[in-house]
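Take a look at this single chain in structure tokens; it is the form predicted alone.
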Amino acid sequence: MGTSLRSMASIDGEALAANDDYRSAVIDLLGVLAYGELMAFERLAADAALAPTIEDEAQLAAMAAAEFRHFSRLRDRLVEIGVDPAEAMQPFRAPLARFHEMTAPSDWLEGLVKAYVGDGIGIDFYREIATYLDPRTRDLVLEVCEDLGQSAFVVDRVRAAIAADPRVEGRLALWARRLVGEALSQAQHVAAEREALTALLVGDVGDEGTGMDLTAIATMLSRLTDEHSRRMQALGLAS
């Protein structure tokens, strides 16, 4: 007998053993998060080399180090539940690589916007998913989605660049919209290929599941849109 998704959030890690579908979904979730953090570390370390000042370079290097710590926490949790981290991450290697190939920044400012707006969409989404997880998994997901200090840093640098050259605003706004479009496109590819993860997202894990809650999904998407608009406004960009 399966365990409904709604009850997962009220019990501890035993949910992983009690329901094969839920276990598969959690492995996928931790896998995609882990590989996302690993790529974020690599990207921020590379972007640090483009920084115009030593202070900026140090800030990005610190953010990269924090991303790697998050990756390590996720990797260790996968090992703890008896999963090979490399195997858990492998299904997400190609789609995440495609996203980063399609959204390679051309300069320092585009890299900052990608770290703030592009990564922010994913962070908001994972926080929404955390609502439906068992407490231990939820706490880990929320931990790795914590702000690493990039918000204030990126907002300060982007706003300063716009103040120095207002023409920058239009280019960065277009770039941010492109990031959103590419992120949604790759997310759809992943959802189509990973049934267990998709079932978790729509609230249909376990044979006692309540099925897709369209109202809840619409509300979630509205919150994600609002958060994206808030980030754009914080940067001084039109959404």
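Only a predicted model underlies this, so the values are computations on that prediction, with no experimental measurement involved. Numbers follow the displayed sequence, beginning with 1.
Form predicted in complex with another copy of the chain: not shown, discussed below.
- Another copy of the chain is not drawn, but in the model of the complex it has no heavy atom within 4.5 Å of T131.
- The closest non-hydrogen atom of L38 lies within 4.5 Å of another copy of the chain in the model of the complex.
- Although the partner is absent here, R73 is not a contact residue: none of its heavy atoms lies within 4.5 angstroms of another copy of the chain in the model of the complex.
- For the chain shown alone, L184 is not a contact residue for another copy of the chain in the model of the complex, no non-hydrogen atom being within 4.5 angstroms.
- None of 90-98, 115-123, 131-139, 152-160 except one has non-hydrogen atoms within 4.5 angstroms of another copy of the chain in the model of the complex; the exception is 90-98.
- Along 53-73, these residues reach a heavy atom to within 4.5 Å of another copy of the chain in the model of the complex: T53, I54, E55, E57, A58, A61, A62, A64, A65, F68, F71.
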